[in-house]
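The chain below stands alone and is given in structure tokens; this is the form predicted on its own.
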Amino acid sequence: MRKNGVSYAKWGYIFSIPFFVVFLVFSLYPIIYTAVIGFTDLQGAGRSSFSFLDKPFDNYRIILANASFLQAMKNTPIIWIAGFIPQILLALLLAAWFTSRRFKIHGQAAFKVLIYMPNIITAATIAFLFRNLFGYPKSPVNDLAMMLGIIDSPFYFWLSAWWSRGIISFIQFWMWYGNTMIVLIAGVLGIDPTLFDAAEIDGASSPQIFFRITLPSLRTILLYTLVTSLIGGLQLFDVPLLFNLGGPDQKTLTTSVFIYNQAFSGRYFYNRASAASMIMFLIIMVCSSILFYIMRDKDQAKLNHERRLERRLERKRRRATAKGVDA
């Protein structure tokens, strides 16, 4: 594009250079370096030199046979799913409530700020807050439960695997449902309002409008929410580390905490931590691809497939015509 002698395309490329420089230095290089040292003998605090292993996949074999890593692989999806399901359901409900054309909610801005506020607080702060709320032997939750007669003596929440998992899942839900709600509200406001007008004229009820118009139109937004939540859930680190250090009996140990322990404690197994990181990277890629496939627009995919077939047939006709002319 050129206007008044100015090439806007050129300036667009120039202004995008800082992003690419930052991405190459702080994202792409660490990813490549991590992938490389997963095939080496790099371990030990302060060590920077390394050599490649004779059997390059030894670190991956050791990690996949590690009982702690396998336990972390079980814990991580359990904690993520237990927090994500109520998160997306409540976010959808609140998004439908705040964007309803039939119910005029007063003070929406204040409600949205209060709901979104937990997302602003750092995860470390919230982890310490809940650690004190559910402390032993004295804590607000224990004192309240004893006062109401629910328990006779203080309960050690941290020693219960399911209580620890449940509290961490609740923290994730509480921190992120407001952010998900804001994203979904933005998606609903982007839907053509004439669709809602036509549905109301036809006498559609609120549930029918939500399930027949709103949800199908939010397919792309829901895909974004699912993928970003999946990535964040599989990389869950600070809350389980600070809340219960992965205990009890490694029942709240996540893959990110396992990787941290491998890299920065004991013998500093940087190579094994890198191998575990790349395994999680591949798992996230596969899971994201599956979500993209499941959430795809089937009608659009069918139309694109038909167009590709038409282009192939057109190329074949052209080749056949060219051969006939040559003959």
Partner chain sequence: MKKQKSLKARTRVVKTVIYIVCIFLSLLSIMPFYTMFINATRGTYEIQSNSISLIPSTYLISNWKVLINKNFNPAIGFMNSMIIAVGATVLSVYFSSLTAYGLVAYQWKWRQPFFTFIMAVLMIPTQLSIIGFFQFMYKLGLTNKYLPLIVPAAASPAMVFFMRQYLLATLSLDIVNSARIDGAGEIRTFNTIILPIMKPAVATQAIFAFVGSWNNLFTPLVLLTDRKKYTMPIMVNLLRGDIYRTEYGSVYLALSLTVLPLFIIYFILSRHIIGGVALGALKE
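Residue numbers count along the first chain shown, from 1. Throughout, rigid core stands for the largest set of C-alpha atoms superposing within 1.5 Å between the two forms. Just so we're clear, the structure is a prediction, and the values are computed from it rather than from any experiment.
Form predicted in complex with the partner chain: not shown, discussed below.
- Of the candidate stretches 215-223, 160-168, 70-78, 194-202, only 215-223 has residues with heavy atoms within 4.5 Å of the partner chain in the predicted bound form.
- In the predicted bound form, at least one heavy atom of residue 243 sits within 4.5 Å of a heavy atom of the partner chain.
- Using a 4.5 Å cutoff between non-hydrogen atoms, residue 292 counts as a contact of the partner chain in the predicted bound form.
- For the chain shown alone, residue 40 is not a contact residue for the partner chain in the predicted bound form, no non-hydrogen atom being within 4.5 angstroms.
- By the criterion of a heavy atom within 4.5 Å, residue 266 is excluded from the residues contacting the partner chain in the predicted bound form.
- Proximity to the partner chain in the predicted bound form, taken as a non-hydrogen atom within 4.5 angstroms, holds for one residue of 209, 92, 82, 115, which is 115.
- Annotation for 60-84: no interface residues with the partner chain in the predicted bound form [heavy atom within 4.5 Å].
- Core-superposed comparison between the shown form and the other one: the Cα of residue 147 travels 2 Å or more.
- Residue 68 shows a C-alpha shift below 2 Å between the shown form and the other one [criterion: core-superposed Cα displacement of 2 Å].
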